[in-house]
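Next up, structure tokens for two forms of one chain, structure 1 and then structure 2.
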Structure 1
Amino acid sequence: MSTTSLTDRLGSLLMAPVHLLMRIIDIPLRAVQKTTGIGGMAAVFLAPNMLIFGIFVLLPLVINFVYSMTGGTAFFLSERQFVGTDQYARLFQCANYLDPMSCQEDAFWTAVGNTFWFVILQVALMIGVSLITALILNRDLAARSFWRAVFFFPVLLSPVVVGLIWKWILQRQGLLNFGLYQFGIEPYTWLTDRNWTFIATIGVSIWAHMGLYTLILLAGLQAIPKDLYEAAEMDGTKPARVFRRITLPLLMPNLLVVVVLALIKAVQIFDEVFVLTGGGPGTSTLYLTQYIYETGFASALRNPGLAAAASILMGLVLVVLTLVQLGIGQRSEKKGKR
């Protein structure tokens, strides 16, 4: 018996259970196809995913909205009283929205202010750093694949691990102060100074997430035809003008994706900061997601309804900002086609 014949027989034996399973599955699928037709089969295959989406996404959203219309400290809806929009009114009860201390929920507006400045600075720096890194990695570098892996590695880490790593580095007896001490510089309390803790949370979040955005931008850069750069080089176009006239416009779809993802991630910042600073010192790094968590679960005077109302408002803001950015991106794309 030849080797080829033996291999074929062995393959047939191994595939026999698979063929039997496919025949068993084929029986109900043919019955469903006769009932729904070929067009209805798409809905049949989508049904399991839609069921999971409904149970784990839509249903929690509905429950969260119902919670926001109730009051009290009980967790079960049957034990909570309906209060209408009182929770929303409580959040917006302020004499001056720019002064959190004049608001009934001063912690909420402090968290809103901190989150606002965090998003502005972190997203801007994130995009800038990711773009510069992608441009560098797009060049012909030695061990280019290694450097790409190095920049992407932090994305694979758990946010809690990221927070613990940087807490070990930045604490008073940490690695950074040890390095400074070798040069005769006194140790500094990086995690207890209000100004430095805010900067630290921005830096840590950029370090942890920039790898993903760098890869997205790098994919966009590699999709740009090299002929355009060669033609620009032959015309003697300056590098700055090449970047402004060729690279940036063609990279805009990827850049828009990065902006939307970075914005959503920045607004939802929680894990790394909670481990790194716990929202302190004071409320200097108290961001919106941590306020929602503490109000709904961790506070001694927990208020799930108030936390739910705050999360609904945060979700609406994210939806509006995303739609605005997508609208701007579509307009820019239409202008580019013209």
Structure 2
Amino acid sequence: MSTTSLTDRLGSLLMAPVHLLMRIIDIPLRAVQKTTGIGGMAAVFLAPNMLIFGIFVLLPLVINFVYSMTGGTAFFLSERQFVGTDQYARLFQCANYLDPMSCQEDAFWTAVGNTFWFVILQVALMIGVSLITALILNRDLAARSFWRAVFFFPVLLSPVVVGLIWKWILQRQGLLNFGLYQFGIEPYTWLTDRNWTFIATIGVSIWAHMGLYTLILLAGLQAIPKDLYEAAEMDGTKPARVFRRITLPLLMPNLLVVVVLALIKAVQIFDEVFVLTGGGPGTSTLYLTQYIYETGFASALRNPGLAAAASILMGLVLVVLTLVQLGIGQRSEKKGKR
């Protein structure tokens, strides 16, 4: 009993300065309220968030277009000269449109190609794995929340930690080589092989993110009415048929949302790959965000205008994907109302 009152007293002691601060803030705000009225206070409450929002999200969004039409290496807009659509023309200037290597900015097209294949393979495999996991977790399991947590664990890890964990496992003296060594396979330097590195980035990003999609799909599965399954069982329907005729159609809206969500995330892949492979060997795992980052900041020949143009093209893809997502959301909402 005495301990709770002690912690209570400690808590109120700690909160005392906060309460005092809130009272002090109250004095000018009361004066504001007198002049604006109750309704006007909405603007006051909204202001800090919208101010930060405006400066750090909306403003960059707008001046990104201006950036993409200027040249030079300076970062301040006033020091940059207007070049019109030159940066876009540079991105699209190719001797032969069937061969990305003939383009002036071949690194950009390499990044686009890599990102394209990464997105297709990663999303397809990850949604497949997530769906299977969600179906298994949706069964009548003991300790389901424990198993759900198991698959969710890597989602919380930082991308840098994820990259380092797998760099450690895939290196020459690593756990993977040790495992293969038990079967008599010679150790291999996985992260110096162009193809294996590409596969590794796909596998690692699936490992890191599948828990999130499993969770959303599981929530969708649990929303399917149980009596449908009971009816199917009474009719002696085979599991495969139950899946095709009940589970899949009813899960479809969730599945589509999850696919688009995964696509949006996959297009922006950067952090864990940057730590795991640094985009290499060569340019085999150079993806779009890294191209933008290196063109804008890191390389000696930095060209912020070109990076801005590339980021706008990437933004367009993301906008299209988001609109698709919103469209799906609205359609399923309408269906739900009917």
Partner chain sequence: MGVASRFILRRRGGKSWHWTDIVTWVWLIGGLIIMFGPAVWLAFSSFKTPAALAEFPPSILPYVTSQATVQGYDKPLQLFDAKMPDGSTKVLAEVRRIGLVAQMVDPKTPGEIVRVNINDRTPVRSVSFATENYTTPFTQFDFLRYLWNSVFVTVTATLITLIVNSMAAFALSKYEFKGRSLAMLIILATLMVPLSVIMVPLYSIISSLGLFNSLWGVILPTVATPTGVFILRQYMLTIPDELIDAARMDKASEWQIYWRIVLPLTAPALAVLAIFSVVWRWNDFLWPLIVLSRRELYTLQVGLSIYSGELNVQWHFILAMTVVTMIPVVLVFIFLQRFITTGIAGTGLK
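Counting starts at 1 with the first residue of structure 1 and goes up one by one along its sequence. Between two forms, the rigid core is defined as the largest C-alpha subset superposing within 1.5 Å. Because the structure is predicted, anything quoted here is derived from the model rather than measured.
Between structures 1 and 2, only structure 2 derives from the form predicted together with the partner chain.
The rigid-core alignment places the CA of residue 132 less than 2 Å apart between structure 1 and structure 2.
Once both forms are fitted on their rigid core, the CA atom of residue 21 lies 2 Å or more apart between structure 1 and structure 2. Shown in the overlay between structure 1 and structure 2, fitted on the rigid core, is a CA shift at residue 33 of 2 Å or greater. Shown is the Cα shift of residue 51 between structure 1 and structure 2 after rigid core superposition, which amounts to 4.1 Å. Once the rigid core is matched between structure 1 and structure 2, the CA atom of residue 184 is found 3.9 Å away.
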